[in-house]
Ligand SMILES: C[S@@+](CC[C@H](N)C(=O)[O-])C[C@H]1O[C@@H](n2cnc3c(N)ncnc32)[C@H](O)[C@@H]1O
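The chain that follows stands alone, in the form predicted alone, written as structure tokens.
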Amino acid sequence: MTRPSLVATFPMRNEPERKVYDRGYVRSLFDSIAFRYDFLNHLLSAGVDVFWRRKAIGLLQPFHPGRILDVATGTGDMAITAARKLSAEVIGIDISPEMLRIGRSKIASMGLRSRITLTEGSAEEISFAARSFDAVTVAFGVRNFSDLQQGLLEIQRVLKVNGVAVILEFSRPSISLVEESFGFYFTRILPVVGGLISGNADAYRYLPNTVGEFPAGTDFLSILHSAGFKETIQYPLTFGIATIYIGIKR
């Protein structure tokens, strides 16, 4: 007898077309859950999201960046991690004013206002000159770009020659049992818990949809190449639940 799949409703790999979400919809969605965003991130990931960010910044450390742009910064967790671990100026951009408001409050309480600046902006239209940054980071935000290719082209544009992009994103586990458990959690548990705590179940249904549709692994490395990154590498984390992608501009 065939065992029923726990991930029947989870989007399958290599879907022919990634769904594009309106930028205004994504902005309003994140504005609505901003007040519970940090709490839910840590709760629903059992705190492992903190380790993932530290690992990503650790991989950036050998490049000794002096100026970093954190795209889709949200409430600033990646920017804060970078500022604490690296001697660098960090500028974070995001399309959600409410996420930025909470991020600025966190940064002020940590005494990091001299190191980190948060400002409203989108990945597809970065308002900085070409070759302005030594590094660009994105943590769990690249899948929310309304135009993935354009966002990566903009990241490549604002990087200096030999600059590096470090992108941390959810991916699809390669081990079947882990993938089934991951899919069950994302499609059945996370929307219920996230919806109850945040008051917006749509936001936590959106999450598994964007993860399932995202072109992870070697597919994403190919997209990085097409956006002009000549050297790329990936580092799967925690059985492939998340992946760090590095692209170097030459």
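Please read all numbers here as calculations on a predicted model, not as lab measurements. Note that residue numbering begins at 1 and tracks the sequence as displayed.
A second form of this protein, the form predicted together with the ligand, is not displayed here; the remarks below concern that form.
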| property | result |
| --- | --- |
| Partner-proximal stretch of 110-118, 133-141, 174-182, 156-164 relative to the ligand in the predicted complex, 4.5 angstroms, heavy atom | 133-141 |
| Contact label in the predicted complex: residue 72 to the ligand, heavy atom within 4.5 Å | yes |
| Partner proximity in the predicted complex: residue 124 to the ligand, non-hydrogen atom cutoff 4.5 Å | yes |
| Non-hydrogen atom contact residue 200 with the ligand in the predicted complex at 4.5 angstroms | no |
| Partner contact for residue 59 in the predicted complex: the ligand, 4.5 angstroms, heavy atom | no |
| Site test, 205, 214 and 243 vs the ligand in the predicted complex, non-hydrogen atom cutoff 4.5 Å | no |
| Among the candidates 52, 220, 186, 30, the residue which, in the predicted complex, approaches the ligand to within 4.5 Å (heavy atoms) | 30 |
| Any residue of 22-37 that, in the predicted complex, places a heavy atom within 4.5 Å of the ligand | 23, 26, 30, 37 |
